[in-house]
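The chain that follows stands alone, in the form predicted alone, written as structure tokens.
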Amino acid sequence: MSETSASVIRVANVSKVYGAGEAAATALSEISLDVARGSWVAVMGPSGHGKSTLLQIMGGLDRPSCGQVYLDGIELSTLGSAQLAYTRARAIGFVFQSFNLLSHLTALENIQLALWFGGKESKEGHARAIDLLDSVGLADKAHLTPSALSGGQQQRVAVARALANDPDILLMDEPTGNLDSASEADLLALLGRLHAQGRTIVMVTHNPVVAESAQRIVRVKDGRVEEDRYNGS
């Protein structure tokens, strides 16, 4: 099923319940949210109130208990597992607080692996990975493993990896949560450049300073949208 929409992501009456019976826990309750192409949205709210669940459902990493999620007008529930994985790999780049870099691979190899999953051959992937590391200022760190990199450098590698298949959308869960203030500023400057290039960014954050970098702030509480405003309004 497809739907004509100006939104690159549309969440329609989505609920998410984990468990059943007396053990059931509601993470999201009838949330509806449109994300315009090229926008930068910050999702804020208390811990445990559904922010990360919402991000995972937006990106097809989790399925809602009810409701619909559309990516470029295509309802994700209509896609099989292989189709969904293919769509995610090409349309969405994920960045997580814990970086999720493979510790036994170099920065270059972490990015090359993402390119390989995206269908890029080894020679093409090597050149693309070097270009991506250069774009985040880490070309000289290509052959270092994550343990030899600072937290800020690891996060920049994670962003470069997320960009491997040139996605239109970046979904980020607390991307500055493990960074010092200088590394945080560097990452926000990088995100500003990526947004200026036309990428859509949706990021979960607890940090109001980080959130103010976005165009729009959505506050989630008790699994519902409590506030949805544009910066300066």
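Start at 1 with the first residue shown and count on from there. Note that the structure is predicted; figures quoted are calculated from it, not measured.
Just so it is clear, the following notes concern the form predicted in complex with a small molecule, a form of the same protein that is not shown.
Picking from 44-52, 65-73, 162-170, 184-192 the stretch near the small molecule in the predicted complex, with a 4.5 Å limit on heavy atoms, gives 44-52. Taking non-hydrogen atoms only, T87 never approaches the small molecule to within 4.5 angstroms in the predicted complex. Residue contact check for M203: none of its heavy atoms lie within 4.5 Å of the small molecule in the predicted complex. Though the partner is left out of this view, A27 does reach within 4.5 Å of the small molecule in the predicted complex, counting heavy atoms only. Using a 4.5 Å cutoff between non-hydrogen atoms, Q97 counts as a contact of the small molecule in the predicted complex. Compared with the form shown here, the Cα atoms of Q97 and A27 sit 3 Å or more closer together in the predicted complex.
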